[in-house]
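First, one chain by itself in structure tokens, the form predicted on its own.
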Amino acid sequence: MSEIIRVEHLKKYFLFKEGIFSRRVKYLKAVNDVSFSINRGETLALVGETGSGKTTTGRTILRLYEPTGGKIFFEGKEITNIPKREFKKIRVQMQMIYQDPYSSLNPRMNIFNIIAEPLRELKYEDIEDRVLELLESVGLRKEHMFKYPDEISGGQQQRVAIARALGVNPKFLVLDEPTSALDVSVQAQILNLLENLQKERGFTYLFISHDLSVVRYISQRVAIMYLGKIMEIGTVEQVFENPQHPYTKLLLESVPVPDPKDRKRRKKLILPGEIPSPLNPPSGCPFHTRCPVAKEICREKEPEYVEVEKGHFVKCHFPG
């Protein structure tokens, strides 16, 4: 399988002043030396707690944020620093679906105009037929065409957002927690829709989420993020069945278990402390302040990636 996206040592730092009148500045290292690739037609899930840098990673790949360092490749071509005019032609093939569908839709525009807007920009012909085709492809009908966002449900709003993104025939989509604002039953419908669209059209997804049950359902590979770094990456089976990093184990332990007997049998992994601030990250391994197996080397030296099995990498001095 050929790569469609590759990032190498990607960094995104935000500049912060220490006070209103202070000249001293600090860097918030939201994404700090991240590398991975996504194959054509694949779904890679980016998982982590709030503040781990996963959304910033997705936005930086699309250059909604300009990267501080590193390289971004799309279909083998480096797009990190190409001029905006040239990048605009490539950007059409890379779309984003946002977490809150309502906030991503213009409340003053009806559904027809929301979906038609990018089509007009790209000088499409037969726009009305194209909009109807897109609505039907996401499970909506002609009667929705002239409604406004506040006249339809949250699930329907997300379908509209998906239809708008599909209108320009993208190859790669960043899905930023696309179901987290929806009811559970609607979540399943949107996930099934995304999966079916991928099978029919060969889309490639970067699926950003903190919900491991959703990630296990929709993705083929998983990358675990903590404080702007990827701590573990592998296939769904490798990461879920054979987690190697203590942080990955913590996240897996947090997934609710429906059977009370299983809950009692399951060994609880309780980690102390809170996530450090990315304005002042710890030295060495970023997870050592909360890690139950941390030793002196973890505080002093950042670990390298270790390949524990083919395609399964972990950033830990003591994997497993």
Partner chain sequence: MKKDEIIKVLKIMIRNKLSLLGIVIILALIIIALLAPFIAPYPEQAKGEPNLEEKLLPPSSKHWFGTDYMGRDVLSRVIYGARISLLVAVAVVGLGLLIGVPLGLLAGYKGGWIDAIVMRTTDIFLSFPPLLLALLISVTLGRGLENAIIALGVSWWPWYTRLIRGMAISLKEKPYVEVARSMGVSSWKIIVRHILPNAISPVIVQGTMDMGSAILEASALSFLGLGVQPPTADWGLMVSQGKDYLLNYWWYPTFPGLAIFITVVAFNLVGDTLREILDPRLRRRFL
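This one's a predicted model, so the numbers in the text were calculated from it and none came from an experiment. Positions refer to the first chain, counted from 1.
The following text describes the form predicted in complex with its partner chain, which does not appear among the structures shown.
Using a 4.5 angstroms threshold between heavy atoms, R91 counts as touching its partner chain in the predicted bound form. Contact check for F203: no non-hydrogen atom falls within 4.5 Å of its partner chain in the predicted bound form. Proximity of L279 to its partner chain in the predicted bound form: non-hydrogen atoms within 4.5 Å are absent; the residue sits far from the partner.
In the predicted bound form, at least one heavy atom of P107 sits within 4.5 Å of a heavy atom of its partner chain. R164 is the sole member of K229, R221, R164, K171 with a non-hydrogen atom lying within 4.5 angstroms of its partner chain in the predicted bound form. Listed residues E75, E128, E151, E136 were compared with its partner chain in the predicted bound form; E151 is the one with a heavy atom within 4.5 Å. Although its partner chain is not shown here, in the predicted bound form the stretch 108 to 125 places heavy atoms of R108, M109, E117, P118, R120 within 4.5 Å of it, in sequence order. Relative to what is shown, Y124 and F203 are farther apart in the predicted bound form; their C-alpha atoms differ in spacing by at least 3 Å.
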